[in-house]
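Just one chain is shown here, as structure tokens, and it is the form predicted on its own.
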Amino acid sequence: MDLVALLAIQVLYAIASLALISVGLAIIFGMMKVINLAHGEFLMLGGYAAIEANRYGINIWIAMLVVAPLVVGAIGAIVERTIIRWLYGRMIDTMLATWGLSLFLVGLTTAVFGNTTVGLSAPLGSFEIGSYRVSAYTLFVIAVAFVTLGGVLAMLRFTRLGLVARGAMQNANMAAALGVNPNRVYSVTFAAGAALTGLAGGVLAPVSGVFPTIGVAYVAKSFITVIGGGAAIVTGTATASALFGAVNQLATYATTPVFGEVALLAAAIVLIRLLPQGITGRFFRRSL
């Protein structure tokens, strides 16, 4: 029974991690149709922002939950205004531009921080489940993922900002005719997606550590989760994260972490083959 409880926590943690690293991309890609190949580097910058803020004396919780999203959100706003804004509707050009941005950010962080892994000590300590010891920080990550998805859903469904954002993405000309500035909405939406990505990077920094090329490990999983989830931003991210996270963790427990990653990829291939429009393309069609 203790082993079952431990495995359940690990599965929930894997699901929460996938949801956290994917929800920012779901907003940018799902709402704006922008393929941001620098998404992994935004996660990396969130981790570095939290680590550096803590190194300069800022409380670790403020560093992870406030500084990291604010820094990456500001960077996202700058990127949207200087690069992305001129490339809407040009998918290949956007991919090339964000790929170049990705390479630039990797080179810049390598020059500034070096090529070694840095991190934060995970707070909260640990607790026991029978003869097993579990980090309490995993429960915190699960809680952050739940609150983040719930907050995004509430914002999109119940606030004027969410309504305006969804309307501008669906029909920019109509939104402009009603007095909305689409460019401002695009900028705020991209910055919000980047901020959520920075939050994920900051929260996961104590678990995975941070180094300049860590984004490569994140970006593929993020795109797989978003594409597998389909059009609905929150519901798609949540359901795809639940499927892929469970498959990954159970396969890892049964075999090795390498086969866990292979199992995740195989599950994604099967899902996209059976449901080309993602989970919410077939189910939960009216959800956000």
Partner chain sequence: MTARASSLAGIAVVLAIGLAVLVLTPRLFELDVVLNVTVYMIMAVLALSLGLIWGFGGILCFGQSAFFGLGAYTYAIAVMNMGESTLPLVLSVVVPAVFAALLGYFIFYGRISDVYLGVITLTVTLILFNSVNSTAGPEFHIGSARLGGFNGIPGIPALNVPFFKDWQVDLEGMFYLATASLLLVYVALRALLASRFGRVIVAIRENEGRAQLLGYDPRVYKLATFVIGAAIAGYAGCLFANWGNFVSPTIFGLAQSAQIIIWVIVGGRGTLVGPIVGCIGIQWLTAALGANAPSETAGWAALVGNVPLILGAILIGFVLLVPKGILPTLGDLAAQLTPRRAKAAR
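Because the structure is a prediction, the values reported are computed rather than measured. Numbering follows the first chain given and starts at 1.
Another form, the form predicted in complex with the partner chain, is not on view; read the next lines as being about it.
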Under a 4.5 angstroms heavy atom criterion, identify the one residue in Ala97, Val141, Ile75, Val185 near the partner chain in the model of the complex. Ala97
The one residue among Val147, Val216, Ala177, Ala154 placing a heavy atom within 4.5 Å of the partner chain in the model of the complex is Val216
All of Gly107, Ile269 and Pro276 within 4.5 Å of the partner chain in the model of the complex, heavy atom check: yes
At 4.5 Å between heavy atoms, is Met31 in contact with the partner chain in the model of the complex? no
Exercise: Ile83 in contact with the partner chain in the model of the complex, heavy atom 4.5 Å: yes
Does any heavy atom of Ile58 come within 4.5 Å of a heavy atom of the partner chain in the model of the complex? no
Within a 4.5 Å heavy atom cut-off, is Ile227 in contact with the partner chain in the model of the complex? yes
The partner chain isn't shown here, but in the model of the complex, which of 239-247, 254-262, 62-70, 45-53 has heavy atoms within 4.5 Å of it? 254-262
